[in-house]
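Next comes just one chain, in structure tokens: the form predicted on its own.
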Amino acid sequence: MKMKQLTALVLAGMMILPAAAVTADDSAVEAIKAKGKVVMTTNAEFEPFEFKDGDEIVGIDKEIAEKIAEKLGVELEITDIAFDSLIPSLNAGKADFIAAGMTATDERRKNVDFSDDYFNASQTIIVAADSDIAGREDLDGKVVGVQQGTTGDIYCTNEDGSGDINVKEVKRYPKGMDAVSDLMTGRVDAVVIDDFPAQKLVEKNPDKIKTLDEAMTEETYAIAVPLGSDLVDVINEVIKDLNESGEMDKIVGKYISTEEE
């Protein structure tokens, strides 16, 4: 790529440049303890992982973050921003970690380090209740809504190299709910979004929309930190402790029912 083209892309906000790795003499953990707080950044539009209950951000990721803060012996501070701004914000030093139902993709690993996985998830297809779309292959030639910057966005635009669908157009939205609103008014033919938020959206509009049985893709969530940050070791300890003690199941169970209705 020519320098002029590269500069244009950066100025247009179309490229995320890798952050400089933390040097061997730096310790994110010690810096966090010195300031007495750890800052989590998220996109609180992702129920049940992070969403707003009044003015308070709640959800699975928020409770895991509280355990991380407790392990560090500091206060937890949360910032709520657009999903596609999470990694740039982290790498600009505005947060210590991202907890946002984020999938640990190879592309994202160029810019951040990820913790161990803590949740198995999938991308789900939402369609109108009377739609004739029955599976992912039926998305060929269709207009699909996605939340900008998510893996649903990546898969629908074939940026992962799969090339197994060929949608007519991808419409990107700052919030999954915005995409679903356009689905219900006929502006898009389908929406691709993470499974549990999809289920919550359908529960609120059962007569208008439905999810398909076939998943778009399977994936796992992890917590992101700046490249080279030693905070990832603390986060991995917390995830391990939560899993071994059964506390992780209790946290997830507060927000996600595993029993058949």
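For clarity, every value in this text was computed on a predicted model and none was experimentally measured. In case it trips you up, residue 1 is the first one in the sequence shown, and so on.
Keep in mind that the form predicted in complex with a small molecule is not shown, yet the notes after this line are about it.
- Contact annotation for residue 115: none of its heavy atoms lies within 4.5 Å of the small molecule in the predicted bound form.
- Taking the partner from elsewhere, residue 83 is found to have a heavy atom lying within 4.5 Å of the small molecule in the predicted bound form.
- Interface residue remark: residue 145 is not counted as part of the site for the small molecule in the predicted bound form, having no heavy atom within 4.5 Å.
- Within 4.5 Å of any heavy atom of the small molecule in the predicted bound form lies no heavy atom of residue 181.
- For the candidate spot formed by 43, 50 and 150, every residue has a non-hydrogen atom within 4.5 angstroms of the small molecule in the predicted bound form.
- The chain is drawn here without the small molecule; in the predicted bound form, the stretch among 66-74, 214-222, 227-235, 31-39 whose residues come within 4.5 Å of it by any heavy atom is 214-222.
- With the partner omitted here, the residue from 139, 188, 95, 102 that has a non-hydrogen atom within 4.5 angstroms of the small molecule in the predicted bound form is 102.
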